[in-house]
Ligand code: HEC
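Take a look at this single chain, the form predicted alone, given in structure tokens.
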């Protein structure tokens, strides 16, 4: 279509040039034929002068007129069909050019407004955030809130849901950016940001690779937690990092971070990636005794800043690592009660935060059958739509299965229009493992 569009444009330029050149030639010869005033009126007035006789009018003059008319009809007869044939290409070119321009402008707007939290290119990032006391607003601690990667956002949310979040914010942390929510950006500015986000979405293979990398990292954390000495050492080092940050002294921060980095390097050697990957593959078997651990690793997956996990919404403190962040008195921000009744640092996985509580049988009440819950996780919630036994969606729960977008049309190699298909963030087997874990809580 683009080639056709270029060819038609070139033909049009040639036709236009021929017309201009013809006009110039006509004016040139007309000026040559003109004469200055002189002689009698019969010599001056064109309508008084004798004209060509019939021998000339009915031969050379007539042939010239007929050939000129035939030439112009030929030009019209060729130019109009070519114009008609090229019209779809011009329209498609306009659409493609508009998308390209909006993508470029959206990239600029994204870098100005969004990258400080979500990272360059939407790869995920962190932002300093103040934790305050509910009701009073008193300061408790400053944390690094993890903003998820947006490179698979459109695999989980449709563009209307993304627009709603941009307009009105999300979870009390992400601010409202759109004018309807009191933000600084117009509807058109939000549209071009979404157009840009389309261009940075990962394909299915890349998403699955990221998910698996996150599982391997989660497996390493699981192995460390099973070793009392390593677990205690890690907790001490992370506490040291927090103390150093609160001191504000660059030397202390650098030293604490260096010690934590050395520990991570050492545990990386203790638990090599290839061995952890093999273990993850092993426990992914539904018949394995640690299958629920596999489900938990998926639930708590921190890949791409938690974009594919559930804990980011359903577990308090997960988005800023609250179990390892401390208030001014040195107490962990997120705690649980251990078997001895003591309050210790930790997470109540699935205990609810932005998303509802999934523990204590609440999941079983909402979804009497596991297949109902699997289907819901695949498609997510819709605003006002019912789910489960008595749930009503807000559109804020993402869908982790394959998503078809009928509003976006792609053209295949044969010129057929196809609905845009976004790849699944999680496979059906992975979602089934998550559901098994959630239903066990």
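Residue numbers count along the first chain shown, from 1. All figures in this text were calculated on a predicted structure; none of them were measured in a lab.
Beyond what is shown, the protein has a form predicted together with the ligand; the following relates to that form.
Interface segment, criterion being heavy atoms within 4.5 Å of the ligand in the predicted bound form, picked from 71 to 79, 269 to 277, 305 to 313, 205 to 213: Answer to the contact question: 305 to 313.
Heavy atom within 4.5 Å of the ligand in the predicted bound form - the one residue of 153, 192, 297, 143 that qualifies: Partner contact (heavy atom, 4.5 Å) among the options: 153.
Among the candidates 354, 239, 168, 347, the residue which, in the predicted bound form, approaches the ligand to within 4.5 Å (heavy atoms): In short, 354.
is_contact(residue 333, the ligand) in the predicted bound form, heavy atom dist at most 4.5 Å: Heavy-atom contact with the ligand at 4.5 Å: absent for residue 333.
Interface membership of residue 258, the ligand in the predicted bound form, 4.5 Å heavy atom rule: The answer is no: residue 258 has no heavy atom within 4.5 Å of the ligand.
Proximity of residue 319 to the ligand in the predicted bound form, heavy atoms at 4.5 Å: Residue-level check for residue 319: yes, a contact with the ligand.
Partner contact for residue 326 in the predicted bound form: the ligand, 4.5 angstroms, heavy atom: Flag for residue 326 set to no.
Contacts with the ligand in the predicted bound form - residues in 365 to 385 whose heavy atoms fall within 4.5 Å: In sequence order, 366, 367, 373, 376, 377, 381 come within 4.5 Å of the partner.
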